[in-house]
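The form predicted on its own is given below as one chain in structure tokens.
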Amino acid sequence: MTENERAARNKKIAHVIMWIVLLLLFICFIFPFILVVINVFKSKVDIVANPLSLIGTRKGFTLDNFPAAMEKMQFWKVFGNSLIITVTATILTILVSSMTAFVIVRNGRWKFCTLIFSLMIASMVIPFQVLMLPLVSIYGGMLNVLNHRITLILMHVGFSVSMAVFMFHGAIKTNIPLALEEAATIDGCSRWQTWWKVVFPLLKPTIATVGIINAMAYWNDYLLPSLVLTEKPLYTIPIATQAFYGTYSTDIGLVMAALLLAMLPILILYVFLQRYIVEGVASGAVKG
């Protein structure tokens, strides 16, 4: 066997091993989701008796978990709360962070802009758990502004804007030629019009990436909403799912139905925007 044949064989073996490892990892990650999909159509008795069976052996296939879960968690009310908070916070994050990144990139010689950007990057390493108690004590005890959707929305935006500015900063610096903005200025555009009509439309991949990442985070977040929203009419979907966990027993079928209902909207959003994700991450983070 020649050296080239041996190298080709080793390359093929390494390729096969890589695919086997990736397949095993995929199965490990997707297995919990498959369990949820299988068991959501079974009764509690069948789930406890045999959670790996495709169809329940005692009561068979059933859709009763969905209406029961929707009624118990007041699905449409908590869905509306989650939708309002997620959509508003995502839009504000995109607008505020893209404008901030635009100002920082085009005024890079200003030490103030450099300082602000450095502080934003540094703030990304601070864990939320460090800010949890001061957040509740100041905003709840001193300012008394908890139990308001707008409070949660502004907190979401505040915690997410640093990462979003970092991504928009890289995208603008790398992909938006300064000549386009100079041409817009010559044509009579103001600074605001240049950003809105020239720069912002060219940031679609990064906008989609920032949007889907933050929308998923806001929609699935449990810790921050549980600290801010303590009144039941303001509950979001992750908080409302706690209604299925009792002190002595838990209806697993209802829990899985609630989790699947909570998962579907953000899953649909991801399917429609997934083609922008890789392009947006690459364009926004290569030259930050």
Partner chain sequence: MKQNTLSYKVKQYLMFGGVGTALFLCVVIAPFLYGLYLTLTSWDGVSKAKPFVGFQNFAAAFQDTTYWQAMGRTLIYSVFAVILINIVAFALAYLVTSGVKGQNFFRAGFFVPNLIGGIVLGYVWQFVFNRAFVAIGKALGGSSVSLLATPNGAMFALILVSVWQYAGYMMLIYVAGFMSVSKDVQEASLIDGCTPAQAMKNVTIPLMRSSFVQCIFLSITRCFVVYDVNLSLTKGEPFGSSVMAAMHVYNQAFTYRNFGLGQAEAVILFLVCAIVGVTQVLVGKRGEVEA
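Residue numbers count along the first chain shown, from 1. C-alpha atoms forming the largest set that superposes within 1.5 Å between two forms make up the rigid core. These numbers were taken from a predicted model, which means no experiment stands behind them.
The protein also exists as the form predicted in complex with the partner chain; that form is not presented, and the subsequent description refers to it.
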4.5 angstroms heavy atom contact with the partner chain in the predicted complex for Met256 = yes
Would Phe200 count as a contact of the partner chain in the predicted complex, using a 4.5 angstroms cut-off between non-hydrogen atoms?
-> no
In the predicted complex, does Trp195 have a heavy atom within 4.5 Å of the partner chain?
-> yes
Report yes if any heavy atom of Pro233 sits within 4.5 Å of a heavy atom of the partner chain in the predicted complex; otherwise report no.
-> no
Only one of 101-109, 83-91, 169-177, 203-211 has residues with a heavy atom within 4.5 Å of the partner chain in the predicted complex, and that stretch is 101-109
Can you tell me which bits of 130-152 touch the partner chain in the predicted complex, meaning any heavy atom within 4.5 Å?
-> Val130, Leu131, Met132, Leu133, Pro134, Leu135, Val136, Ser137, Ile138, Tyr139, Met142
Superpose on the rigid core, then tell me if the C-alpha of Tyr222 is displaced by 2 angstroms or more between this form and the one not shown.
-> no
Does Pro32 count as moved between this form and the one not shown, where moved means a C-alpha shift of 2 angstroms or more after fitting the rigid core?
-> yes
Fitting the rigid core first, would the Cα of Leu259 be found 2 Å or more away between this form and the one not shown?
-> yes
